[in-house]
Structures are given as structure tokens and as C-alpha cells.
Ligand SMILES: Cc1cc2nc3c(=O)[nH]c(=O)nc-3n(C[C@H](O)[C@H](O)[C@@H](O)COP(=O)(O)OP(=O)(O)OC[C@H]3O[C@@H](n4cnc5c(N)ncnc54)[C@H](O)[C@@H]3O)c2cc1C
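Only one chain is included here, represented as C-alpha cells and corresponding to the form predicted on its own.
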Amino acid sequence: MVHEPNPARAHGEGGLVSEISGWGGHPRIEARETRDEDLERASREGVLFRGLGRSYGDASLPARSGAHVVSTSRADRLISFDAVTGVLRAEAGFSLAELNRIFLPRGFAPPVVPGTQYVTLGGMVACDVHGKNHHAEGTFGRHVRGLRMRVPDGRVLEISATREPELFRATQGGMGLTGAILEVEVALRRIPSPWLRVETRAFADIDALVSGLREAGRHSPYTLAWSDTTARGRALGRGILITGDWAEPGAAPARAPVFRAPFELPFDLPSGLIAPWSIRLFNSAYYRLYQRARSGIAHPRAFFHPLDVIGRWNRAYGRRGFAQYQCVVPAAADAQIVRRLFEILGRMDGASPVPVVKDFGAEASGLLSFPLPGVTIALDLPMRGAATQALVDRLNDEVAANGGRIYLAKDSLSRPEHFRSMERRLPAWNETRRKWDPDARLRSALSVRLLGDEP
């Protein structure tokens, strides 16, 4: 089915300059954000696209204060779906939440999902998102069959692994800097039911937790671990291993899961409420709650997107916001790298209430895609000014020295010299970007900070 643009919405709205930010609330910038359901028309200006604003740092912010950015959230039409092959085509602003609501009860699931469902298909490609099944299914880009894009010279192209393959690879994880994604074609997977069978198990320290995570990945399609960043001594990095798989119909509820609108935090809580002392209390209670092994059937949102049960949960960090930090290190070469990162967190008061540890499989084909074989750690760090910057610098020293890298979709504090030293594929990506956009018309606050673009 094909929908035509609604003339009443085709010219966008707003256009007034206002303050916007990524999900972490840092940095904040003045920008002229417009919404347009006709992305082909909106992309003629060569302006940066922004989805639902769920990248944490500055990836979806314009290159300079007052500049224009287009929200894709109104371009959310489902264009086609083949129930035999599971191949779906939709506009770039079609959200994962809508995909879940429509297709899970019909026996199809997205092949890869990030930690929130409030993201768009275009954003999932631009960040080449990964999920709890990366060790088995790779990144989202592995399952993308094709893209419709406005490239910086003004043409609209259909690209894929065989049509303009370098541009296709550079766009996966390219943070929206290689062109404007208009439509996405992706293969969904069949599932036996929309519910999940989930098990949890506690581990006494980070070494045992990482070992348990790797072992679980041999037989579970979905794995991750929560780890206590405030534990010290012999309990350093203790945590909870969580595994899951789609439940068979006989074990799952007969009814379809209901996706209710979440309770929403109505305002920013006082900055400083989420601090090392409160995180220590929360982490200790959470670890004790799950010390005994558990198993059961879970709602897909509770398993894949647990933080989505509270709308605008980022307001809990207050006006100062927080920095998300996610790195991956090739831990197979040195199993102690992960322990050293946790020791740095301990020495520098790097408490995080929802730290996630995950093992990754093979490196993706995207030229700047984040994952590589190893262990990834994701942290929410309350913004403490220079102390948070110093912590990120020290973590990046260790990550860079050991062949790791950072996730651009979450970054806001890394320095360009760290990024360059981590990213051996950057020259190839720069070459492709220059080929399609020699004047760097498409820029963002992130590209100014890390790639040296002019504001």
C-alpha cells in the first residue's frame, strides 16, 4: 500500500528557535526544529535529519546554534509488507514502537532492537543499532535490504549492498552524515509468540559475570547482564545475568501483549538526586532482589525496553542531565580489560544505576558501526562537570590502548584524538563521505566535535 502526503501536514510546523538536546540533556543547543511528513521535499535544503531525539549526546543536534534541523517523526507511513518473506518497507520516521504494536501480535518481530522502542527506522540505520542478540544476529544493518536516500548533491537514490555499496556501508552507523534517509526496507523475523521466556542468575564478581555471559551466548539468542558499579573488593562488578528467547505458544499467554502508554515524569527532578550515594543504595537492593535464580514469561517491552515503562525517565537526572558512555573492548585478547575498566569506575566515583554488560559477535559491515568482537559496557553517568569529563577521558585512555572503540550514538564527551586513535576505519569512511559530500554540507554538533567540520 502507498500513502500520499497529507497537504495539511506537508509544510511542517514551527520553525521557531528553541532549545533542544539529546536524551541525556547534555549538551543543549538553540535550534530551529521543523517537522515535515514529506522528507523528499524537506531534504532538498541539505539539512540534518533527527528522529525521536533518543540518541544521547550531540549526534542529532545541528552544527551551530540557531541552525535548522528536520524531525522525521511525521514521515511515519508503512509503505509495504510481504507476509511471505517478512520484508517491510516504511518511511524513515516509522517508529519501532509502531512496528512492535502492529507486527508482534501477527507473528513477526524486528530482527534487532535497541534498549528503547521510541526510535525511528531511519535512526536505527544511522546508528546501526545493536541489541541483546548481537552475538547471534549482528547489528540492524545486517538485515536492511535497501534504503531510499537524498544524497548531498541533490539526487534521490535507491541503494543496497549491490547498488552503491560503499555509500550503503558508510550510511550504516554513519550518524546521518552521508545523506538523508527517506525510506528503509528491512527483513523481519518470524516468532512463535509475542512473549518471551526469561531467566536470571546472579554472579559474585565481574570475572564470573563475563564468563557466564559468554557461556549463555552459546545457547541463548538474547543475553545481557546488569553489573553493580558501586561494589568493591571481591564483589567488584557483581551482577545479574539475564537471558531470553521467544516463548513457544504452549508456554505463552494466549492474549497479545498490550502496549499501554507509560507513566511520564512531569518535570525535571532536582539535580543531584541520582548521585553515588543513592546509586549505591539502589544497586545493593537490586542485586539482593535477584540473588536467587528466576525464570518466567515476560512482556516484550519489559524484556527489551525496561526503561520505557517510565516516560521521560531522563528527567530523573535533573536539569544537569547525564552522559551515556558505551565502549567495547576486545576482551578475548586480555580478559582483565573489563576488570580494569570497573576499577577505574571505582576509583573515580563512576557510579551508574543501570550499567549493562554485553558480549558482541562479529564486526558489522558498516564503516563506522560500533560493535566488534568483545565485551561492551554501557553506563549512565550523572553529569558532574569536569569530574565526568575526567572519568570519560580515563576510560577512553584504557579503551584506546586496548583496541576498543566508543558508540557515537551515545557519546557527548569524547575527544577527537581519542576517537581517531580508536577508529581505524575512519579514513575509508571519510573518503566515501568526501566522494558524496565534498563540501560537508551535512554536518552535526558531533561532526564538529569529533571530525573537525566547520560549525
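Bear in mind that the values here come from a model prediction, so they are computed numbers and not experimental data. Note that residue numbering follows the sequence shown and begins at 1.
There is also a form predicted in complex with the ligand; it is not shown, and the following applies to it.
Label the site open or blocked after overlaying the ligand from its pose in the predicted complex onto the shown form by the C-alphas around the site (blocked when 3+ ligand atoms sit within 2.4 Å of backbone or C-beta).
Open pocket: the modelled ligand, placed by site superposition, has no clash at the 2.4 Å cut-off.
Looking at H418, H68, R54, R425, which has any heavy atom no more than 4.5 Å from the ligand in the predicted complex?
Contact residue from the list: R54.
To verify the annotation, which of these, G212, G244, G361, P114, has a non-hydrogen atom within 4.5 Å of the ligand in the predicted complex?
So the residue touching the ligand in the predicted complex, by this definition, is P114.
So if I measure heavy atom distances to the ligand in the predicted complex, which of the stretches 46-54, 425-433, 383-391, 396-404 falls within 4.5 Å?
Result for this chain: 46-54.
Is the gap between G239 and the ligand in the predicted complex 4.5 Å or less for some heavy atom pair?
Output for G239 is no: heavy atoms all beyond 4.5 Å of the ligand.
Is L307 close to the ligand in the predicted complex, meaning a heavy atom pair under 4.5 Å apart or at it?
Because a heavy atom of L307 falls inside 4.5 Å of the ligand in the predicted complex, the answer is yes.
Mark G366 yes when one of its heavy atoms lies within 4.5 Å of a heavy atom of the ligand in the predicted complex, and no otherwise.
Looking in the predicted complex, residue contacts with the ligand do not include G366, since no heavy atom lies within 4.5 Å.
Taking 4.5 angstroms as the cut-off for heavy atoms, does L413 touch the ligand in the predicted complex?
Output for L413 is no: heavy atoms all beyond 4.5 Å of the ligand.
Just to make sure I understand: among 116-140, which residues lie within 4.5 Å of the ligand in the predicted complex, judging by heavy atoms?
In sequence order, T116, Y118, V119, T120, G122, G123, M124, A126, C127, V129, H130 come within 4.5 Å of the partner.
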